[in-house]
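Presented as structure tokens, the chain that follows is alone, the form predicted on its own.
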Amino acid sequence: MRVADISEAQNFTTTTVALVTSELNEAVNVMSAEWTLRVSIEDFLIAAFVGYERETYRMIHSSGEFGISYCSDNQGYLAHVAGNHSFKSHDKFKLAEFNTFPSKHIKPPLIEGCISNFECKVIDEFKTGDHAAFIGKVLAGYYDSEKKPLVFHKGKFHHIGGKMAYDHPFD
């Protein structure tokens, strides 16, 4: 049954969950974000959309770089902590015992155990509604083909199912 309700319909999008890392003046932050995505193949570009009131915004805007770590489906707790605790009042890395590894081209670390990780240098920033869009050129990427992604739908974290079976001449 189709329901006409633009406000509630927003909950019926499904997105991947990323952990955005940033660093400024030796302070390191992590924020969960469902609004990150690849926006170009050549050059490989990733967009991260961050609220202007967030500490992550200030850190990325000032440093010109960020890390993206797409959560695997066993990292819901990390995403919850990163998205529900303030950088100013909590050390999120200690609170959730995030495991990290050093980046090669940017200062912020990347998060271990993710399905993929990317080191990004900001090449553009612009306003998109109530968020800033940071467009990052990917300088390095890592992945683990044995992991499955964490997805966000209707305000909750979910596992993604297996590939659908169907007859298609191009498969």
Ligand SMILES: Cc1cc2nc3c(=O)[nH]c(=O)nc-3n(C[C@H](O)[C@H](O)[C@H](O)COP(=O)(O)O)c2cc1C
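All values derive from a computational prediction rather than experimental measurement. So that there is no doubt, residue numbering starts at 1 and follows the sequence shown.
Another form, the form predicted together with the named molecule, is not on view; read the next lines as being about it.
Contact here is defined as any heavy atom lying within 4.5 Å of the named molecule in the predicted complex, and by that definition each of 32, 35 and 92 is a contact residue. Comment: 51-59 is the region of 51-59, 141-149, 100-108, 37-45 lying near the named molecule in the predicted complex, near meaning a non-hydrogen atom within 4.5 Å. Mapping the unseen interface onto this chain, residue 131 counts among the residues with a heavy atom inside 4.5 Å of the named molecule in the predicted complex. Within 4.5 Å of some heavy atom of the named molecule in the predicted complex lies at least one heavy atom of residue 86.
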